[in-house]
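In structure tokens, one chain follows: the form predicted alone.
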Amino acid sequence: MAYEIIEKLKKEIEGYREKPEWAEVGQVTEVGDGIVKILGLRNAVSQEILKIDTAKGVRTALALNLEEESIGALVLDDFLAIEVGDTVKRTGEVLSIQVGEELIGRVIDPLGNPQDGLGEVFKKGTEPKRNPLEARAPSVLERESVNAPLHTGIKAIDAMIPIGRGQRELIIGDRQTGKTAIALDAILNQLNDKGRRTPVCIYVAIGQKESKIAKMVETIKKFDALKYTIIVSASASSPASLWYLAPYTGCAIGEYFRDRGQDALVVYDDLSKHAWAYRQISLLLRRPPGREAYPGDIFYLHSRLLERSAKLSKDKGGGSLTALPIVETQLGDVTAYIPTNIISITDGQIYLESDLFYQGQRPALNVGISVSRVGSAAQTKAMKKVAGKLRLALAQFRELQAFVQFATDVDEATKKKILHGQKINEVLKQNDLSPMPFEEEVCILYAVLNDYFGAVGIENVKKTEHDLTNYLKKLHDNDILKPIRDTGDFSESTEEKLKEALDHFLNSK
């Protein structure tokens, strides 16, 4: 018996061939607050994924600081399991996310894990298409100028601060002034924009309360907009690493649809919190602080993200990625560090003012500071024709209003102009979650700017507007609204029909 065992062992030993494998291995020397310092791994590259072997399983980290002797890395999952002395290995891969049509209608975290309780996003066995979180922005020759509108359904914005497909338009203002509401209306309004292809909308929540994100998902679901919407959630309870990665994840998903020739809209809510997370990570990595304790590359953090939004040329498929970054100001200070940085990167800003909000002007749009640098190139001919004199009318009204405060007696002509301005202001007021199709916006703005509301009292303007919209939808959809919707133009014949309809409607009241 013993002889047989010895023979077997001999055979086993004879057949044994050693297979030495070389692996570059590092070692954790410091760990804390989601940051690890690693000795070794001389050939690691920036943004490379590293795997850390711990007693509780493998943990993932992202190489950020490449120093002479060590590496500073950001832990992407539970850092409490990591201990000094744990071994670290390179993967040779940069951080990427699996992308595809399956993401539409889902809520995921910045690493692509589902957060909505609906199971795995991608079926097992399918060939994954992955997009890197950090990608090169399209070059000048790969782009074309922004020329197609992205309607928000908000009259004041579509008329005066038009947003185009491929544009980057900043939404800026103090907390609780309706910034998220504008972005949400823009997402919901894509259902109304029947004349154009519906963009895939990506809402990136950075540091938002989970209750707020859940409410947002419910609202999108209620309006049947989840069929073209993706939510990337890095909630307030998530670590700073996920706050930092969230916008890049949203952008990588948007690029997938853009590069296939589709349109995509991505909302970053909000980049102030993103900057705070990056400041926290940078200070923990011992990077030297600059103005307001932000690191020196804080501008590059946002410029490399927002430059990826573009309208691609026909050769590249003609897709577009539109960005609506949101930034929160403190006490209306747009001259602070992060707001000025992002204003200089974007193609215009929608500035919301607390004072206007509390006066009941909602959306609380400050038309003086708000601007779209793409301008009327992103407007339909119909809106261009109608809204051309809106800014001028509002500017004249504001000037007269300021002047009249100090005057005791005012002549009839001035009173009439002020009343006309007040009615325009009243029409521009709009409730949350009630975006308006652009053909209806054109008709309402035409009516108020051409003084068809002259005999209507200020307190009845909103009711008259509502009744007029219903009247046009029921009786003049085919001869007035449909031609504007289908052609994007406001022809003389349509204008004549609208004049007749307005006269008939106002005479019947």
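All residue numbers are counted from 1 along the displayed sequence. This is a predicted model, so every value here is computed, not measured.
Although not depicted, the form predicted in complex with a small molecule is the subject of the following passage.
Just to be sure I understand the contacts: of S282, T346, T380, Q430, which is the one whose heavy atoms reach within 4.5 angstroms of the small molecule in the predicted bound form?
Spelling it out, the residue with a heavy atom inside the cut-off is Q430.
Tell me, out of K212, H420, K316, K384, which residue has a non-hydrogen atom within 4.5 angstroms of the small molecule in the predicted bound form.
Of the candidates K212, H420, K316, K384, K212 is the one lying within 4.5 Å of the small molecule in the predicted bound form.
Of these, 134-142, 384-392, 354-362, 306-314, which stretch puts a heavy atom within 4.5 angstroms of the small molecule in the predicted bound form?
Flagged stretch: 354-362.
Are any of the heavy atoms in T180 no more than 4.5 Å from a heavy atom of the small molecule in the predicted bound form?
Contact with the small molecule, yes.
Check whether D116 has any heavy atom within 4.5 Å of a heavy atom of the small molecule in the predicted bound form, and answer yes or no.
Because no heavy atom of D116 falls inside 4.5 Å of the small molecule in the predicted bound form, the answer is no.
Using 4.5 Å between non-hydrogen atoms, is Q176 touching the small molecule in the predicted bound form?
The answer is yes: Q176 has a heavy atom within 4.5 Å of the small molecule.
In the predicted bound form, D77 touching the small molecule (heavy atom, 4.5 Å):
So D77 does not count as contacting the small molecule.
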